[in-house]
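Only one chain is given next, in structure tokens, and it is the form predicted alone.
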Amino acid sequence: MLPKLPRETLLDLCRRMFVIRHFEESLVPLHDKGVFGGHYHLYIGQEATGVPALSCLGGDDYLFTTHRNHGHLLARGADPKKLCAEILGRVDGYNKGKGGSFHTVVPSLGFLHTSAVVAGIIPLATGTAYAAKALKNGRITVCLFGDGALEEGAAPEALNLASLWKLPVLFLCENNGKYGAGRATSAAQSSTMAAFPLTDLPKAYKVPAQQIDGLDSGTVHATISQAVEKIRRGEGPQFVEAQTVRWPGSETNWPSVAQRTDSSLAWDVSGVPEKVREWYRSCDPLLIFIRELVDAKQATKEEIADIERKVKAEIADAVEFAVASPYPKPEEAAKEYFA
């Protein structure tokens, strides 16, 4: 279902989802051509979680994110040009090319740290929440991570402290499961986690926890809005597990795009390769959101196609900007770092 928001806001959420999708799809050919190196992860398939969830936050709230970070940054309003340049290691990036894909930091948007260390951000986010409570500044911290982070010892330690001290922190676990025949695959028990469902872990530390459908943008928005409200009232930490179905392009060691996204796929996936067709038919959160907008008469197919055309042009400009940006000079490596 759609979030209970004005039409203009819903269309903006749709635009942000398009920005994430087409930005992420644009990175694959750049990497394949050797324009940038190193590993990278994409946020495709989780747009209906990140976009509505982050829209519930205040402008001065703190955020910590993990290696699948591009979507979170873009959902918060990051400039695609500067983000793309950063991923490509160029001087015009947010961190002058030093952060790259895994470690982009944008304090102006509230992102204090992005880490490729699994669960590395969980204690840091808890510490920021402790500082906010001590300073009484009214800010909350949102910690965004995947299901694998709960396997690390840092997770239960942080949950324990957050609960013990009633810290203003939201733990948002995006469980992208495995690609399969439908949504149910995202609920499959992890082979490396004894806790099942995953919400059993935070509940053991008396952190209120709930499991939701991460493909349902309305449920995500309502749940996160309520969780944020409780945190601001001083009720302590909240934990939400949003279940999605992993994008088939993330099933291999390196992201690959078998089908470029187009809004027309919301109504006809006959041209999609058969091996990934069911995901686009029933598990693609962007296409689900588009259909719901049209069915609810909040937008026409033509309006949505126009939004997508503008976004594609924006992303094309971002790629051109990033590729044209120079690499940092060697002496820049010795500047702006902590020792």
Partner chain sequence: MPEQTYLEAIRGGLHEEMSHDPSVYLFGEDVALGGPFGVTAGLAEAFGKNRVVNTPISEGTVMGLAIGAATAGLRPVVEIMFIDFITLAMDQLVNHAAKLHYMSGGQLKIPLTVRVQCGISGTMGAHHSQSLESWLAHVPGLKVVMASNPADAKGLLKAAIRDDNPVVFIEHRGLYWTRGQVPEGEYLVPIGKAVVAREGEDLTIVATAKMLAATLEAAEELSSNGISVEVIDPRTLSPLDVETIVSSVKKTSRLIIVHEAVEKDGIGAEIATQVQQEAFYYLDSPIARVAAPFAPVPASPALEKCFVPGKTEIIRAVRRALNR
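In this text the structure is predicted, and so the values were computed from the model without any measurement. Positions refer to the first chain, counted from 1.
What comes next is about the form predicted in complex with its partner chain, which does not appear here.
This chain is displayed alone, yet in the model of the complex one of 247, 145, 239, 94 has a heavy atom within 4.5 Å of its partner chain; that residue is 94. Though its partner chain is absent from this view, in the model of the complex it lies within 4.5 Å of a heavy atom of just one residue from 289, 40, 62, 279, which is 62. Within 4.5 Å of some heavy atom of its partner chain in the model of the complex lies at least one heavy atom of residue 160. At a distance threshold of 4.5 angstroms between non-hydrogen atoms, residue 81 is out of contact with its partner chain in the model of the complex.
In the model of the complex, its partner chain lies farther than 4.5 Å from every heavy atom of residue 230. Put simply, residue 218 is far from its partner chain in the model of the complex: not one heavy atom of it is within 4.5 Å.
In plain terms, the part of the chain that comes close to its partner chain in the model of the complex, with a heavy atom within 4.5 Å, is 163-171 out of 219-227, 163-171, 239-247, 255-263.
Shown without its partner, the chain has 94, 95, 96, 98, 99, 103, 105, 107 in segment 82-108 as residues with a non-hydrogen atom within 4.5 angstroms of its partner chain in the model of the complex.
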